[in-house]
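In the form predicted on its own, a lone chain appears below as structure tokens.
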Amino acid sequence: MRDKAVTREKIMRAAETVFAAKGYHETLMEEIGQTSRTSKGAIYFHFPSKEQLFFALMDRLAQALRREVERELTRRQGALDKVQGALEAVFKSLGRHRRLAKILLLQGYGLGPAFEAKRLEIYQQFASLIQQHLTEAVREGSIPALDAEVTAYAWLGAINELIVRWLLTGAPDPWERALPALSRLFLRSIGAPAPSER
């Protein structure tokens, strides 16, 4: 059983490397086999199609992001501070998992409805997390009443655009420019003071 898990992990790591370098459409399963030093049969045993392997990588990024966000949330006090912590954790995690971020945010376009459904599923997870803490911040009286669902998706859209630009161009620097600017923008958008103003 352990051998199967090791083989699956080797395939996933190789797929991450090849997809990030060549893109989804240009990647061949044989190349993933060569990079992982596994047989084509082993790849198809674990992943019946290239699409399923790609989606497994998307799930891996989402799980890594979620773990890091949840770890950060346990260190924060108050709903507003948790929202700020989640934002920081997403940026830091995407920076550490740049290849996976590239796969999730750039490589899947053109895969059609299946990719869009998977991407929407992942976005919904993070929107729901933001929405939960915004709702709690309203309950606490930290911010005025707002539509937490719309706000969460608007924030995700802004994060997505900045991360995509960074993946394509290397700018703006996520930590030095993007994160502080987004934090101020987001907090003001919900009627909350920026950290330096509290």
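Predicted, not measured: the structure shown is a model, and the values here were computed from it. Note that residue numbering follows the sequence shown and begins at 1.
Same protein, other form: the form predicted in complex with the DNA, not shown, and the subject of what follows.
Of the candidates Ala64, Met29, Val138, Ala158, Met29 is the one whose heavy atoms come within 4.5 Å of the DNA in the model of the complex; the others do not. Of the listed positions (Val164, Leu146, Ala154, Ala42), a single one reaches within 4.5 angstroms of the DNA by any non-hydrogen atom in the model of the complex, namely Ala42.
Contact annotation: the DNA lies within 4.5 Å of heavy atoms from the stretch 33-41 in the model of the complex, the single such stretch among 130-138, 146-154, 56-64, 33-41.
In the model of the complex, none of the heavy atoms of Thr169 sits within 4.5 Å of a heavy atom of the DNA.
Of all the residues from 44-80, those having a non-hydrogen atom no more than 4.5 Å from the DNA in the model of the complex are Tyr44, Phe45, His46, Ser49, Lys50.
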